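Let's start with one chain on its own, the form predicted alone, as C-alpha cells.
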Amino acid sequence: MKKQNASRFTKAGMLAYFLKGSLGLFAVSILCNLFMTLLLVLIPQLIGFTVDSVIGSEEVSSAYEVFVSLFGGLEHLKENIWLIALTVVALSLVTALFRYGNNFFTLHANQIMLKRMRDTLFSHLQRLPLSWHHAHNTGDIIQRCTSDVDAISNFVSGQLVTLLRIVIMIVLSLTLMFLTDVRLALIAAAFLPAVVLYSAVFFAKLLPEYQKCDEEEGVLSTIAQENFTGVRVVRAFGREKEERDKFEAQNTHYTGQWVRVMRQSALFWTTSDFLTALQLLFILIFGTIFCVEGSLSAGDLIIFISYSTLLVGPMGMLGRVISNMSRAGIAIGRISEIMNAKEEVYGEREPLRGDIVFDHVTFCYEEGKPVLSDVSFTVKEGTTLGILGGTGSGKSTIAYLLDGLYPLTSGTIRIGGRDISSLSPATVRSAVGFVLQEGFLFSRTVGENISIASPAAGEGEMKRAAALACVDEHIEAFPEGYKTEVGERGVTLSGGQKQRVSIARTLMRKTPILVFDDSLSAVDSETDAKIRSRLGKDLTGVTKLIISHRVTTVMGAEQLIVLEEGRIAEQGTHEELMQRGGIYRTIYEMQTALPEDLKEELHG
C-alpha cells in the first residue's frame, strides 16, 4: 500500500491494485466463460450438420467425419437420430455446468475484491490528514465508499466478464459465419461497427450526466448523515418539516437527474435493439434468397439464424455494458481522488517531553485568512497554561497545532527543544493527550470507551481515571455500571457526563502533556473545580493547557494568555492581568459579578 501511494494511481492501475488476490479466480471464471461460449457456438453447427447430412442428403464434410465414425457411421445416425438429440442435450448440460462455474468463480472473486476495496479505502481514509477530512463532506465520503464501490464491483463482476463473453461470442460466431458463407457473414458483420460506434458516441456525451448524478447522490447522503447525526437538535427546535423539505427537494432534484439520464439511455437501448433486430431480419431475408437460389443449404441457414440469434443478446447488451462502463469510470475516478490523497506517514513512536514553545506561529485554514498571527509563548514542563478568548479567537487551533493535526503556515512549535514538524505524528500524539470540547463516544459500553485509549490497562486503572474525571459515581449509579451501553455518539449520556468520560479516556494514556479544549464547559462550576483539584494533585509533573471561556477554570494556572482575533492580547498570571485592568479583568468582572437585585437581597 505504501509503495502504491508513493505515486498517483491511474484508473487502470487502481483497478489492478484492487484486483490483487482475486485475479486467479477471475481467470478461472473467464476460462469457464470461454468453454461455455465454445459449446454454445458448437451446438448450431451440429444442428446444421443434422439438417443437411442426416435428414438431408448433403455430403459429410471432413470436419464431421470423426463425429460420424464415433456414432457408427452416417447410416446408423440416420436410423438413430435420437443420438444427436442426446448429444445436444449433453452439450447443453456441460454448457450449464460451465455457466455455473463462471457465476460461482465470478461471485467468489468479486467478494474478495470487494473486501479488499473496503479494507483499503477505510485504512487509507484513517491515514489521511485532518485537513483533507475537513475539506470533504462525510456524506460524500460514505457515498464514494458504498455506491461507488458497488458500481465498480458490479462492473468488474458483471459487465467486464460479460464484455469478455460478448467479444469471444462475436469473434467465434463471425469466424464460423465467414467459414460457412462470406456473403451472409458480411451482412452480419456490417451491423457490429454501427452498434459499437453509436454506443461510444452516445455515452461519451452522457458521461458528464453520470458524473452529476454521482455528485448529487453525495449531496443527498450528506443531508441524510447530518440530519441523523443532529436528530436531537432537529427535534428540539421543531425543524422536522424544514429538514424533510430540504431532503425531499434534493431527492427530487437527484431523481430528476437520473430520470433524464434514463430517458436518454432508453432511447439508446431501443435504437440498439432495433439495429440488432434489423441484422437478424436482413440475414433471414438474404439467407432465404440464397437458399432458394441453391447457393446456401438449409442447414447453413439454420446455423446463420442460430448465430444471429445468439448475437442479438450480446450486441444489444453491448450498449448496456458501455453504459455501465461509463458509470464505473466515474466511480473509479471518484475513488481515485481518495486513493491519490497523500497519507500522513505516522512513523515510529519516540519519547517526548519538556517545555512547550510557540515561536512566532501563524496559521491559516484558508490562504490569506490567518486564524493565528505571530503567536509566541512558552509553557514550562509540569506547569499549567490557561488560554482564554472569545469565539473564533484561535483557542482550539492552538490545541490542533500542538497535536500536529495541521502543518504551520509559518513559525515553529517545539517540545523539549525539538521542532514537532520534524517529528513523526506518532511521537507527537503519544506525548499529547487531547480532550475535545465535544466528547465523542463510540457505540460501546462506558468502560470500553474509557479503556479504548489503553486496551492493555486493567479495570483498576480504568476506575482510577474515571474517579479523577469525577464521573465514577455517575457510572456506578447506572444499572449495569461500566458495562452500560452509551448508544451512538454517547446519546444516552448528558453533555457533562460525555465530557468527563472523554477526560477519563485521555487520562488512560498517561501522556506528559494534556490539553483540555473547553472540555469542562458542560459541567457545573463545583464539578469543574473538583476535577481541576484532583488533576492538580494526581498529575504533578504533567504539562497542562486548559482552554476555556470560563475565567474560574483557568485563573489558577501559573500562566495565562488572552487571545483576541488570533493574537495574544494579554499574557501573565491572574494577579498580573487583574492589575493591568485590560480584557482579562473585564471578562473576570463580567463573569463573577452578581446582579444588582441579588446583591441587595444578600446584603439587605
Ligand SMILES: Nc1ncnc2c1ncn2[C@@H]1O[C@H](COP(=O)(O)OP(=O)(O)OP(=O)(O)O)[C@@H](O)[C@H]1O
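A residue's number is simply how far along the shown sequence it sits, counting from 1. Values in this document were obtained by computation on a predicted structure and should not be read as measured data.
Just so you know, the form predicted in complex with the named molecule exists too; it's not on screen, but the next bit is about it.
Q: Tell me whether His134, Val371 and Thr397, taken together, all sit within 4.5 Å of the named molecule in the predicted complex, counting heavy atoms only.
A: Spot residues vs the named molecule: full contact, yes.
Q: Ok, Gln257, Gln437, Gln279, Thr427: which has a heavy atom sitting within 4.5 Å of the named molecule in the predicted complex?
A: None of the other options qualify; the answer is Gln437.
Q: Considering non-hydrogen atoms and a 4.5 Å limit, which listed residue (Gly347, Gly354, Gly390, Gly333) is close to the named molecule in the predicted complex?
A: That would be Gly390.
Q: Within 4.5 angstroms, counting heavy atoms, which one of the listed stretches 302-310, 412-420, 146-154, 360-368 is next to the named molecule in the predicted complex?
A: Every other range fails; the passing one is 360-368.
Q: Does the 4.5 Å heavy atom contact test between Phe377 and the named molecule in the predicted complex come out positive?
A: Contact with the named molecule, no.
Q: Can Tyr406 be called a contact residue for the named molecule in the predicted complex at 4.5 Å between heavy atoms?
A: Judged by the heavy-atom cut-off of 4.5 Å, Tyr406 is in contact with the named molecule in the predicted complex.
Q: Might His549 be said to contact the named molecule in the predicted complex, defining contact as any heavy atom within 4.5 Å?
A: Within the cut-off, so yes.
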